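There is one chain below, alone, in structure tokens, taken in the form predicted on its own.
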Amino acid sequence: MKVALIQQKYHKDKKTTINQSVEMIAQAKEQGAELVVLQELHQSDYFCITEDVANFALADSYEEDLLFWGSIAKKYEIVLVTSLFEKRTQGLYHNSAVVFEKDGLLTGKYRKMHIPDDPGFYEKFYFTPGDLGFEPIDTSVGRLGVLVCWDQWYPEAARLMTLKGAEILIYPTAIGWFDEDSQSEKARQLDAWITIQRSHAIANAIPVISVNRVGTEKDITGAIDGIHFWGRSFVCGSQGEFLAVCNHEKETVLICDIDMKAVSDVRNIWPFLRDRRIECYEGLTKRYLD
């Protein structure tokens, strides 16, 4: 499977940003990509830096956005993973990954399940937790286990997607540093982010795609300076090995070949699912065990 990761920054307005995305998708297609993955909330800035009711208007175009990205998937004959601000009704919104087939039709959707609420990442103000569960999306290139950003810290999500037959895990992401953090703290955060996702690949013997944004986005309230998104989008194989890695600051069309036959071989040699002691795991459904 030839995949493309679109690592991008926000270009001051939606139209300019989308035009850049489409240009990069065209480049990906020229290089033979069958599956193209965009980053989290790729049409806008990462507006969750602040709590502002005016930002809910960004979701008013959701239905139009579906039509547009479906047309892009059809034009370039790719399976396209997007990340959109979904408005279901007034006061009910989701952070949703929407997948389009090569014919432009919507083939599946995932609503982000784990919603953070931290300085600079005020997502609980905007998003209702997903209600579609952890369901892989069937496409012409395979069964995709699509999750979103904060989900990547939870092994339960990766495991459930795998148990339901996902052949690859995909994480559109928006994560970065606060410039006021020390260099050692930044290094620890980045290493943790990479390590947890590689661990999902290893524990489930399944490839992982993680697509992050780049660039610095300011907090207009001044509560913090802003977020410097660290990029480092990557693909790792089913033993956690790096197959392709972006740098930390440049917009990039990252092309990677994933050998799905090799993935199958690894899963047979390392049969983690076979040896699970499912009769002993009832505690995993508890918040905490006293």
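The first residue of the shown sequence is 1; numbering continues from there. Since the model is a prediction, treat every value here as computed from it, not as a measurement.
Keep in mind the form predicted together with a further copy of the same chain is missing from the figure; the text below concerns it.
Which residue, V141, A203, I72, L106, is the contact with a further copy of the same chain in the predicted complex, using a 4.5 Å heavy atom cutoff? Contact residue from the list: A203.
Of these, 74 to 82, 95 to 103, 214 to 222, 186 to 194, which stretch puts a heavy atom within 4.5 angstroms of a further copy of the same chain in the predicted complex? Correct option: 186 to 194.
Hey, in the predicted complex, does F127 get a heavy atom within 4.5 angstroms of a further copy of the same chain? Residue-level check for F127: no, no contact with a further copy of the same chain.
Evaluate K15 for contact with a further copy of the same chain in the predicted complex, applying a 4.5 angstroms cut-off between non-hydrogen atoms, and reply yes or no. Contact with a further copy of the same chain, no.
Contact with a further copy of the same chain in the predicted complex for G120, defined as at least one heavy atom pair within 4.5 Å: yes or no? Answer no; every heavy atom of G120 is more than 4.5 Å from a further copy of the same chain in the predicted complex.
E51: touches a further copy of the same chain in the predicted complex, heavy atom cutoff 4.5 angstroms: Outside the cut-off, so no.
Though the partner is not shown here, which residues of 238 to 263 have a heavy atom within 4.5 Å of a further copy of the same chain in the predicted complex? Residues within 4.5 Å: Q239, E241.
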